[in-house]
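Shown below, as structure tokens, is a lone chain in the form predicted alone; questions about how it binds or moves come after it.
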């Protein structure tokens, strides 16, 4: 289920782990409560949502986390005060990738695309602009199972008071890879429930590798634990959040 399985073959990988607890600390810009005016020719988030797939889009957004860099391309979780934008394999040098720390404002021109339900921007160019913004996690627990959840796709969100369920028929609390075929360092898949419905959540190893607190926290989960979580509301054939923090209550 991992997006672009060919990425597993990439060895020149620089992991973007700034969203995960336990990584090198960064300076957190002050969160803004009002969205600044858009520059001329830049779409609002509503206009971006309304744009047709494969059409050209221009947005101003702020880096929230970096998933990976390899072969001159970086993948980013970004957001402004109105919504989120997932930038897939945005061409950038490693030097520029290192500059794009959380909070950095960028103007992005590219094409709106969709992959297995995940809406993203591809074939991009970008400019770094003045401005800082870090999004607070928006609680979407009550939206799980509703049509309104997808309106927050790719945003930084939280889930509160969910119960850990068995990830397989053997009663494991988590799996390495979606089918249990992986090993330490691969993506972690685990199941949590609320309101009688069970969902599959992921610790994406390119975003939060095995050295991070969240990776360790999931490996220490027990079936029946009640947890609060934060992460990015990624989509793969339905909701598939990329979790960046887990707290057992």
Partner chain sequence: MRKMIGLRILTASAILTATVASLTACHGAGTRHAFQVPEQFDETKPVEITFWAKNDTNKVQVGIYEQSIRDFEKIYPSITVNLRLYSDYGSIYNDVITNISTNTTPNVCITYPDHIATYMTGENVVLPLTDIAADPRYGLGGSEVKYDSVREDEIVPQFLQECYIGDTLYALPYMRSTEACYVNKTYVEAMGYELPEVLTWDFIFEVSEKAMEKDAEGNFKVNGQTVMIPFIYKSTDNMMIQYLKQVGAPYSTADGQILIFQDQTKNFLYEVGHHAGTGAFSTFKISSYPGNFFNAGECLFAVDSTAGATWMGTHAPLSDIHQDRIVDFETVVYPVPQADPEHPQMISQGPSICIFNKSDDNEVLASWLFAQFLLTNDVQIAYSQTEGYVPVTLRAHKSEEYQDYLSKRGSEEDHSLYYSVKIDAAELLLNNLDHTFVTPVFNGSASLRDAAGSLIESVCKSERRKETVDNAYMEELFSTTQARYHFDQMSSVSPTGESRKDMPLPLASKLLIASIIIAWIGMGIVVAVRRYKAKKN
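Just so you know, these numbers come straight off a predicted model, no measurement behind them. Residue numbers count along the first chain shown, from 1.
Although not depicted, the form predicted together with its partner chain is the subject of the following passage.
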Check 71, 114 and 120: does every one of them have a heavy atom within 4.5 Å of its partner chain in the predicted complex?
yes
May I ask you to state whether residue 126 is within 4.5 Å of its partner chain in the predicted complex, using heavy atom distances?
no
Using the partner position in the predicted complex, report whether residue 206 sits within 4.5 Å of its partner chain, counting heavy atoms only.
yes
Although its partner chain is absent from this view, report whether residue 97 comes within 4.5 Å of it in the predicted complex, heavy atoms only.
no
4.5 angstroms heavy atom contact with its partner chain in the predicted complex for residue 189:
yes
Proximity to its partner chain in the predicted complex (heavy atom, within 4.5 Å), stretch among 165 to 173, 131 to 139, 100 to 108, 150 to 158:
165 to 173
Please identify the residue among 193, 181, 211, 39 with any heavy atom within 4.5 Å of its partner chain in the predicted complex.
181
Residues in 76 to 92 that come within 4.5 Å of its partner chain in the predicted complex by at least one heavy atom, in order, are 86, 88, 89
